[in-house]
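A single chain, nothing else alongside it, follows as structure tokens in the form predicted alone.
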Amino acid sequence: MKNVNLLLKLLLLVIVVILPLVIKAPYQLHIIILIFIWAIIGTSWNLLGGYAGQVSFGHAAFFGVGAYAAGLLQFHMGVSPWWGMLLGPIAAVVVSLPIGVIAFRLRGPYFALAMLALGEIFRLLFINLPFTNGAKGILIMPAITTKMFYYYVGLASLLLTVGVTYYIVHSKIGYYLVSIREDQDAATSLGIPTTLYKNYALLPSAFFTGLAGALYMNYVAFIDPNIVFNLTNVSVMVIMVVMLGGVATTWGPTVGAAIYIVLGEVFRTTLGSANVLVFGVLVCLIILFLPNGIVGEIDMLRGVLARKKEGAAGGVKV
């Protein structure tokens, strides 16, 4: 069974790698690139919000910092914004360090509100600071315009994000994060330094969100504070992506991003201004009837079937 799963994963990977050679239409490639970007943000958020149980409404801050790190290199120094793929994640981590020290003193809704305020603070700062060019934003001239290139950069970034997250979740850190999510007081009583391990989740989460921001800057070539630090379109949307796909699952954010982007485009082109209402109702229904998300429900169903199979096998032996 494990060999079959491995073969299916390898086959899926091969299909994803050769897909741009088959689908050459710019619009379809554009949709897939957006899915990659949102899957990176969702996977990053999932590490902190899904596995560690620290629901963040402020990931737009890390996304925006990563995007501006790439844009400001070009805007002020004429350096290629692709260097932002290195600088952006590092800048997001630097920003997250004091945030973690302060915000992790809070719990539950107080932590969520603190993170929500954080994103708004960064949005207002970048509107009013002179070196960010204010509300005018930053426009760059991309040196590379072929979408196939962005496709492979997005795919590589997503695989890196999922791989590192998977490694963390299945290490000692991951088990400690789950224990903090389930019962922080019990984890503390067992000697787990909860604040330290929350920061262990925050730092890679901020890093890869900043990476997605830098990729977004290079791909879209224009940002302003109201786009990249947007509460609704970034911080809330990433939570919806993860909830749709499956909280605390490896591929849930990727599945959620695919559904969110594709359905959003379908509804926008067919329903006009009513698309937001219909899409919102659909998301509410999915969350209501699939509380563990699509991947989460599939995993749960597999677990039930596996237990039934083991029970049946045990019954034969008896």
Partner chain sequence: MELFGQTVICGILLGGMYALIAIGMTLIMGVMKIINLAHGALVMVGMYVTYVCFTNYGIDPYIGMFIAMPVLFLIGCLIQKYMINRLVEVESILPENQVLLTVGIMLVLTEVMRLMFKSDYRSVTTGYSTDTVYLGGMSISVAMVIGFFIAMGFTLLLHLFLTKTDIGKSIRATAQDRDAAVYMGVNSSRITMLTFGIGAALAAAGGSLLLPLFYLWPDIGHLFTAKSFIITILGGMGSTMGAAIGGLILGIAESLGATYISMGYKDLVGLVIFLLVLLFLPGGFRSLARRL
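Quick caveat, the model's predicted, so the values are computed rather than measured. Numbering follows the first chain given and starts at 1.
One more form of this protein, predicted in complex with its partner chain, exists but is not displayed; see below.
- Within 4.5 Å of its partner chain in the model of the complex, a heavy atom is found for not a single one of 12, 26 and 168.
- Contact annotation: of the candidates 240, 202, 155, 180, the single residue with a non-hydrogen atom within 4.5 angstroms of its partner chain in the model of the complex is 240.
- Residue-level contacts in the model of the complex: of 121, 220, 86, 227, one residue has a heavy atom within 4.5 Å of its partner chain, and it is 121.
- Just one listed stretch, out of 62-70, 251-259, 34-42, 267-275, contacts its partner chain in the model of the complex at the 4.5 Å heavy atom level, and that stretch is 267-275.
- Using a 4.5 Å cutoff between non-hydrogen atoms, residue 131 does not count as a contact of its partner chain in the model of the complex.
- Of the heavy atoms in residue 247, some are within 4.5 Å of its partner chain in the model of the complex.
- Residue contact with its partner chain in the model of the complex: residue 189 places no heavy atom within 4.5 Å of it.
- At least one heavy atom of residue 49 is located within 4.5 Å of its partner chain in the model of the complex.
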